[in-house]
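Quick heads-up: it's one chain on its own, the form predicted alone, in structure tokens.
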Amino acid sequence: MHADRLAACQQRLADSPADAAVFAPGANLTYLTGFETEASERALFLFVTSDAVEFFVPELVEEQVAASTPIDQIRTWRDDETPHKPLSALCADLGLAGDDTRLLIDETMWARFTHLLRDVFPQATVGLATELMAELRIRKGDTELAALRRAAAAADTAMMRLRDRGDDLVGLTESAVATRIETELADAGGESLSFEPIVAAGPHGARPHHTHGDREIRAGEPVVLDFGCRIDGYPSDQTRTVVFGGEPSARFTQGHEIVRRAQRAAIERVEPGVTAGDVDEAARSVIEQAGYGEQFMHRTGHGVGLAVHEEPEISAGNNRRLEPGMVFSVEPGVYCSGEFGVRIEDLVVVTETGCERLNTTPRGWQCE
């Protein structure tokens, strides 16, 4: 699998004006090689040219890299030296020593390492490897889809367990509920969190990227719950807005129904050939017609793969046409400052005839 991905990357590179792509720890590196590691203060690169693939790694991790990737060529550097000289030697061996070298670098590379490359290639033209990798990663294969389905199922299980607790969550703080979410995700098979859980109660729900704090959950008050977990490296990401105990305001129930209809309209629009912008418009038009257009201030969705946010972006004006195998969120929302927020989110997979929804839990606000 990884050998095929590397070959596809090399072919795209051969068809481009660039001489090499340089990847750092992150989703692209993992996608191409299977090696997963956090960025650290030590330089670690994967160099890809049209006819060569070689790692440049600290001597400390050489065995791990060799054991987990299909790549035979591994150049190392020691802790008692700076990486400049061995990196320069590697680049010369790869034929990348000229002043007219054209590099594509990983967009998530730390600044200290882009400066290291600049030291080695002071005259190089530098672009982003996104132009190579986005098209490779945007359509998911069977192995990726299987992992995404398992991660979505784990998130669904955790959500149902939270709903089943109902009134028991009233009086707990947002942070206490976030801790319970982490436990439920782990119990459901999640291997790590996709991101810090969002538990946004009452007016905090009007902040789309609120995480959690010391506000207590109150009876009859809407709570935005947005969380996910990773399985085999792939994440889930789903949101429900629910009420634990009591009855919410009529304004909230109206807003919730509008968002629910908007999400349904967007998902019904998903099929091969329509644009990402078409899907955004399907959701946005429902909310705008209901008079809440100003309260929907973000895109309708984002692609999901090894990274929680990747291509395709489901946003206004995006003319990228959908294809089978693309996976993205559909998550319209309404955010009424000082009052409440509503967001409903599912992941979908584009199929040959429409889409498959990966999340299956109830989308209503009731916890019954």
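What you are looking at is a predicted structure, and each value in this text was computed from that prediction instead of being measured. Start at 1 and count along the sequence shown; that's the residue number.
Omitted from view is the form predicted in complex with another copy of the chain, to which the following refers.
- The partner is absent here, but in the predicted bound form a heavy atom of 108, alone among 108, 275, 88, 249, sits within 4.5 Å of another copy of the chain.
- Interface residue among 153, 92, 126, 219 relative to another copy of the chain in the predicted bound form, by the heavy atom within 4.5 Å criterion: 126.
- Contact here is defined as any heavy atom lying within 4.5 Å of another copy of the chain in the predicted bound form, and by that definition not a single one of 149, 318 and 320 is a contact residue.
- Comparing 256-264, 71-79, 153-161, 166-174 against another copy of the chain in the predicted bound form, the single stretch with non-hydrogen atoms within 4.5 angstroms of it is 71-79.
- Using a 4.5 angstroms threshold between heavy atoms, residue 180 stays clear of another copy of the chain in the predicted bound form.
- In the predicted bound form, another copy of the chain sits within 4.5 Å of a heavy atom belonging to residue 298.
- Among residues of the shown chain, residue 207 is one whose heavy atoms approach another copy of the chain to within 4.5 Å in the predicted bound form.
- Residue contact with another copy of the chain in the predicted bound form: residue 114 places a heavy atom within 4.5 Å of it.
- Interface residues of 61-79, taken as those with a heavy atom within 4.5 Å of another copy of the chain in the predicted bound form (partner not displayed): 61, 63, 64, 67, 78, 79, in sequence order.
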